[in-house]
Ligand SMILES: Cc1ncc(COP(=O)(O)O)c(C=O)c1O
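One chain follows as structure tokens, the form predicted on its own.
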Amino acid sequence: MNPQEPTASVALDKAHAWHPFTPLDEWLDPNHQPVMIASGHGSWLVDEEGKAYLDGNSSIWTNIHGHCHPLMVQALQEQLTVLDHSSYLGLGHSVGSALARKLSPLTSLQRTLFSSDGSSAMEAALKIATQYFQQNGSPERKVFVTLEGAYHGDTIGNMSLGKSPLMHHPFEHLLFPTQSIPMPGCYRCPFNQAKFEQADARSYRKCQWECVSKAEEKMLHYGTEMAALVIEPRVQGAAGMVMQPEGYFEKVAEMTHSHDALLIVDEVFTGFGRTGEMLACNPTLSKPDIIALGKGLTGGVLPMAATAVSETLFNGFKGSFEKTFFHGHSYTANPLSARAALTNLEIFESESTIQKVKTLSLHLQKISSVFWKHPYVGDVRQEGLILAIELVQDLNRKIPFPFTERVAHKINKIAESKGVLTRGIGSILFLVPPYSTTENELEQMVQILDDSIKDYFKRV
């Protein structure tokens, strides 16, 4: 096919569509022929030309049981013949009630507010916390504490939680102030005195938990002004798959409770088995006040998210009309999405998905050692079915490649040409496969990513 003559769908796309997180000049380049996905099955996606790709990105970390799972297809077909959509503002429906009930024991929280995506779920969490304190005797509690490098979404509140100089500078005047505590990433931690080893930096770190001490200092400083700690447990996803040392989350969670602040846990990415457990935070032990869920909630099939809230917070909105939480969406608790979420949970039970994830994670741990042979690999870290390979231009000084070089993007494009779709950030490569992936498919993903790293550095 002549690159100057795009297919009809590509021509329409370039004439009318706007893709998120995509440089326009690159996308609209006449010589750029984007991959146009036509179908999917299991861990594979197929483009309009008939080329098959392994979905090493779980379709932006959402699709967990594989594409077009037969139980999911059947459930949605059945639901579509009964109820496609109904407002959830002042109305209810059985599929929404059933899902809320199912999520309660999972989160150890009694109430669930539904929304359409993870950003919306986190935005609702911020608004619930803020309004709760305002109308329940603690209006001074306005300070939200977050991890450095935090990313919780692209709405105004979420951008305020994680201010990215690259992505958010046009909106600085719209953002409210927040306070950050050190990112608990052992590989780049300034307090880690360990010498470099070819292993996950968490396994050989030498420190005195200074990241926890610094968090305590911040919480003590703000005292009764602190509204909440907002945190992704175990893994900071879009921050670069920064993985916390074992015990960190539990320590800061306990500290947050001791200051009578709320613990808001962002499980949008880590929830539903991604780390090898249904939730990464173990809510029975850490006792979050709010948990945000998304991405894998519907198995990655339809848009839906949820903000699970304690009964104490819920009760803080009772008493008068003025205390109502005036927040919602047209498609809140959409019945099709709710049915997909219920089917997702059924698949976890019927297919022993958590055990499947644990077994596959062990295999990934074994075969991912191949990445250490590359001279530019500084860290290889893993939690469940999340793998990150951090590339650096100087191993001794851990100097990353400039973000503007887009090293991960270029390596991912090579992998795409070889039949694996994935997406990294800066110079950090990610592999986040669906749980439907077989050991053979996983080996193919690792091999192609390994070959793509080789090819890239040969070219440069």
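One rule holds for the numbers: they count along the sequence shown, beginning at 1. On a predicted model such as this, the values are computed, not experimentally measured, just so you know.
Only in words, not in the display: the form predicted in complex with this ligand, which the text now covers.
Student: Quick one: find which of 346 to 354, 267 to 275, 83 to 91, 327 to 335 has residues within 4.5 Å of this ligand in the model of the complex by heavy atom distance.
Tutor: Going through the listed ranges, the match is 267 to 275.
Student: Does any part of Ser115 reach within 4.5 Å of this ligand in the model of the complex? Heavy atoms only, please.
Tutor: Looking in the model of the complex, residue contacts with this ligand do not include Ser115, since no heavy atom lies within 4.5 Å.
Student: So in the model of the complex, is this ligand close enough to Trp61 to count as touching (4.5 Å, heavy atoms)?
Tutor: Yes - in the model of the complex, heavy atoms of Trp61 and this ligand come within 4.5 Å of each other.
Student: Flag Glu390 as yes or no: does it have a non-hydrogen atom within 4.5 angstroms of any non-hydrogen atom of this ligand in the model of the complex?
Tutor: Outside the cut-off, so no.
Student: Does this ligand get within 4.5 angstroms of any non-hydrogen atom of Phe371 in the model of the complex?
Tutor: Outside the cut-off, so no.
Student: By the heavy atom within 4.5 Å rule, which residue out of Phe144, Tyr132, Tyr187, Tyr151 makes contact with this ligand in the model of the complex?
Tutor: Of the candidates Phe144, Tyr132, Tyr187, Tyr151, Tyr151 is the one lying within 4.5 Å of this ligand in the model of the complex.
Student: Exactly one of Thr256, Ser361, Ser119, Ser286 has a non-hydrogen atom within 4.5 Å of this ligand in the model of the complex; which residue is it?
Tutor: So the residue touching this ligand in the model of the complex, by this definition, is Ser119.
Student: For the stretch 229 to 252, I need every residue with any heavy atom inside 4.5 Å of this ligand in the model of the complex, listed N to C.
Tutor: Contacts from 229 to 252: just Glu232.
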